[in-house]
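Only one chain is shown below, in structure tokens, and it's the form predicted on its own.
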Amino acid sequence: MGLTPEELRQFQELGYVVKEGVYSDADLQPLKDGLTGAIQERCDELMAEGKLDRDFAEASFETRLTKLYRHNPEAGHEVLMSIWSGRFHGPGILKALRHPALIDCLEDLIGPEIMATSIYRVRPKVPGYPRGEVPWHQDAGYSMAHCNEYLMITCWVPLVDATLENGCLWVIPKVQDKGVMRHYTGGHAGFLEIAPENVPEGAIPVEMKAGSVLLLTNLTPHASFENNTDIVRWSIDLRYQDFDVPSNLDEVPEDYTPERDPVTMACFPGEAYFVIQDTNHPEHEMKDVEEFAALRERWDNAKMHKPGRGWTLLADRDIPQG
């Protein structure tokens, strides 16, 4: 597939581009099936514990979590937490990460040697669930300071059509060359957040069909807001870089200690990196589903040193007067 010259120009000038039709419905189905299985597993556990009396298994993929959360918010929250962010590493996610049509697009941006990180995120934006709304931020705000100058690509993929009504992503174009903005901790739902008074002008919504991909630089500000429909705005975001960007490939969680110099660390300490494409050593590529799950679990469960950037609390910032 790959990107056209016009799409490449837009990415370079605006900091993002939408590529339509990267994933077909059939491509996305294994991921949906895996997520459905994980939801059912957690529902079964909650029902056995007496915390849930109905699992809404008869509902569609698009509406099940809406009905579950409205019926029992506490149980709905527990189900969401079981798959939230990068906690899901079951069937379908590695296939989505290695999807050939997506890799073709990435080659045009960062070259043929491609590494991915476990900073993939599953985003079920459930109507009324506050953690589904993500405030304005740059992905670079979450990385270590010594990685400020490196390019990392975020690929945002809706599993259902993303619209203004159900909470599509918003982006701010043409500011990706201005570096990392000041972020604050303690933003909405605990996310990092650019203070409202510092958010650049020019935000635009990006409505997309399921299976399209929004490719963003790690310096492109983006956010998503309320879902005002009855369906779950399912999406995933996947992150990639070339081999020159600091990673923890061939390291173990125990290598991260308070004594270690932060500039020797991966850009995102605490989450495993793995090879997607290595033209010289294809045997290094992550292809085995069980190996992938074991790697993900090892880093996810590790009690390790994860230094932050030292961002201050949003509530403690100095707000300009007048």
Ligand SMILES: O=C(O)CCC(=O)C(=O)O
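No experiment lies behind these values; they were computed from the predicted model shown. Counting begins at 1, following the sequence as shown.
Beyond the structure shown, there is the form predicted in complex with this ligand, which is absent from this document and is the topic of what follows.
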Study note, to complete from the structure: Among 94, 115, 79, 169, just one has a heavy atom within 4.5 Å of this ligand in the model of the complex, namely 169
Study note, to complete from the structure: Assert contact residue (this ligand, in the model of the complex, non-hydrogen atom within 4.5 Å, options 235, 241, 227, 176) equals 235
Check your understanding: Taking 139, 154 and 222 as a possible spot, do all three reach this ligand in the model of the complex with a heavy atom inside 4.5 Å?
Key -> yes
Check your understanding: Heavy atoms within 4.5 Å of this ligand in the model of the complex: does residue 83 have any?
Key -> no
Exercise for review: Determine whether any heavy atom of residue 109 comes within 4.5 Å of a heavy atom of this ligand in the model of the complex, and answer yes or no.
Suggested key: no
Point to revise | this ligand contact in the model of the complex: residue 134, any heavy atom under 4.5 Å | key: yes
Check your understanding: Though only this chain appears here, would residue 123 touch this ligand in the model of the complex if you measure heavy atom gaps against 4.5 Å?
Key -> yes
Practice item. Within 4.5 Å of this ligand in the model of the complex, counting heavy atoms only, one of 154-162, 67-75, 203-211, 177-185 shows up; tell me which. Key: 154-162
